[in-house]
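Coming up is one lone chain in structure tokens, specifically the form predicted on its own.
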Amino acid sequence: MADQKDLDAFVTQVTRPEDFDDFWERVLAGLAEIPLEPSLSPDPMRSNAEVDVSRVHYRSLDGLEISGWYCVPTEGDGPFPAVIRFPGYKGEPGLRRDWGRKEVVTLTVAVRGKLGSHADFNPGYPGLLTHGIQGRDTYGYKGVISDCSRAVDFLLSRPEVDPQRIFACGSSQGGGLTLITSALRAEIKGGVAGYPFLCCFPESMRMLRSYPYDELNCYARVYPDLAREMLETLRYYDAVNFAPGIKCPMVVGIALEDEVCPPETSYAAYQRLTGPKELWLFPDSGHGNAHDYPAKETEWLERQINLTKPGGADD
């Protein structure tokens, strides 16, 4: 178990490449040249009187079609605020109809490799963390992060969405992607990153022997001559290096008994945030199981969105 003293004492060896910003500017510029081709397929079986649910699709890096769940309120006067939910590493993204009752649109992104987005890219589990890791331009997370950025473009294409009130959240990998996407896309006005993955790769490899980070150790063991190259690639994908670019309000939630994402590494990302920030520590919780976390996430987002209509729990 970590405590505040451990968090404060931790110093990461992760450094930001000199061409970090240039690299990601080129990625985003390339994405902008790919037609978005957004589409919606209504799903009456998952819809109800308060929320219209659709499966959505749009194009991302390399022209891959990315899917997601899209929930739109049936009542109220739009355009509505929107919340993007980014997925974890292992699980599949689900619906969030509860926000529809609060007159908020939600988009849950199925990044490449997830169900609905795995026809052309499916590294499996384990697999994503080392897919194409030989170089920054071939790494699988270049596509995953692109998929998250294009989710913002999808929302901006929708007339029912207020472009000035787009927010983001996610846990584990979703927490890391919340940090990364919020740094790349200023359209995101606030976010909650729970138990963030993708932080301080070198230390996470050493501090824990659990998946997903242990995929990196396995790779280094099988390909020792490529270990240095692997770590160089990861510098361009470490959420700690994205954190200084986040200007919107951001929450980082950390479980101090986290056995998947070392608490110290999440704290390193929090420390590098330069905008308004808030830290939630859960001293008696492991990865993803802090009982207070879901309610705190909802309450924080409601305050940021400035909701006037309360909503109930999802069914």
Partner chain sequence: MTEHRTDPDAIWDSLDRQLEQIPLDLEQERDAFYSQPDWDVYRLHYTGLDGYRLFCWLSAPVSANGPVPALLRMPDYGSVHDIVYTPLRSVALVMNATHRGQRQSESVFQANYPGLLTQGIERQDTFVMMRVFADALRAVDALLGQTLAEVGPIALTGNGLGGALSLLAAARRPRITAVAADTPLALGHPELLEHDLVYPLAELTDYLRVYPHRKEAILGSMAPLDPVAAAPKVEAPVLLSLGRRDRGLCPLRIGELLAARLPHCDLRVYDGASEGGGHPHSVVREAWLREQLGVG
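Numbering follows the first chain given and starts at 1. Quick caveat: nothing in here was measured; it's all calculated off a predicted structure.
The same protein also exists as the form predicted together with the partner chain; that form is not shown, yet it is the one meant from here on.
In the predicted bound form, the partner chain lies farther than 4.5 Å from every heavy atom of R136. For C218, a non-hydrogen atom is located within 4.5 Å of the partner chain in the predicted bound form, even though that partner is not displayed. Looking at E65, you'd find every heavy atom of it more than 4.5 angstroms from the partner chain in the predicted bound form. For the chain shown alone, K247 is not a contact residue for the partner chain in the predicted bound form, no non-hydrogen atom being within 4.5 angstroms.
Taking the partner from elsewhere, every residue among N122, Y125 and T130 has a non-hydrogen atom within 4.5 angstroms of the partner chain in the predicted bound form. From the list 171-179, 86-94, 145-153, 233-241, the contact stretch for the partner chain in the predicted bound form under a 4.5 Å heavy atom rule is 86-94. Here is the short version: of D214, E187, E203, D162, the single residue with a heavy atom within 4.5 Å of the partner chain in the predicted bound form is D214. Annotation for 285-302: interface residues with the partner chain in the predicted bound form are S285, G286, N289, H291 [heavy atom within 4.5 Å].
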